[in-house]
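Here we start with a single chain on its own, the form predicted on its own, put down as structure tokens.
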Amino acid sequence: MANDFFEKVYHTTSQDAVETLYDDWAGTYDDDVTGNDYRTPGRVAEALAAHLPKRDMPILDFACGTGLSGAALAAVGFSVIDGCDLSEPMLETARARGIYRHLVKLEPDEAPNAAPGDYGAIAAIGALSPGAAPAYYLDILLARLAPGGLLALSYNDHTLAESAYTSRLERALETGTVAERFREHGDHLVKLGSKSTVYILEKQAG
């Protein structure tokens, strides 16, 4: 069953279909990914902690799913974490963890309701990818950060192979919308042999 979801996720594009996929996957998702030695949440959390020393700074965990990403952020000391996701069954699991200040159910293609400065950082851990949020959400998330705010981002191998995602990130860097503070390619789902690149991007003024 786990292999079925891993196979489906990267071929699911419409946001309605993505919502249904994660609704169906919610019951086994944690076991499926942790059983394959899921490293990316911890890697992103550690990178963000190295660049955002104020652990009480509010953080938005975008597309938080079952809360594995929030748990990784809490484990490195972040104490004010909000989450949002389009799957209510996933949010139910995240809610049970007791680590989020607020959790919000998003509709397909709905953007997070946040103003620049509400959050010192936004974490998008595996959230911008085929089978998750479309590439243009990079711009949406950056628009919700004030200058100096950080976007903690991961792109897995499937995402790195999609020019829609990589070109949008390259454009943000080239235009000076963001400055890259950290980049590291490393383990993602170890038992599946997959990798991901972790980025810390700082929103620039202007």
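The first residue of the sequence shown is number 1, and the count goes up from there. Predicted, not measured: the structure shown is a model, and the values here were computed from it.
Same protein, other form: the form predicted in complex with a small molecule, not shown, and the subject of what follows.
Contact with the small molecule in the predicted complex holds for none of Y119, A143 and L153, as no heavy atom of theirs lies within 4.5 Å. Shown without its partner, this chain lists L138, A63, L60, A45 as candidates; in the predicted complex, only A63 has a non-hydrogen atom within 4.5 angstroms of the small molecule.
Though the partner is left out of this view, A94 does not reach within 4.5 Å of the small molecule in the predicted complex, counting heavy atoms only. G126 belongs to the set of residues with a heavy atom inside 4.5 Å of the small molecule in the predicted complex. Taking non-hydrogen atoms only, A172 never approaches the small molecule to within 4.5 angstroms in the predicted complex.
The small molecule is not shown here, and in the predicted complex it never comes within 4.5 Å of any heavy atom of V198.
The candidate stretches are 177 to 185, 64 to 72, 144 to 152, 49 to 57, and the one lying within 4.5 Å of the small molecule in the predicted complex by heavy atoms is 64 to 72.
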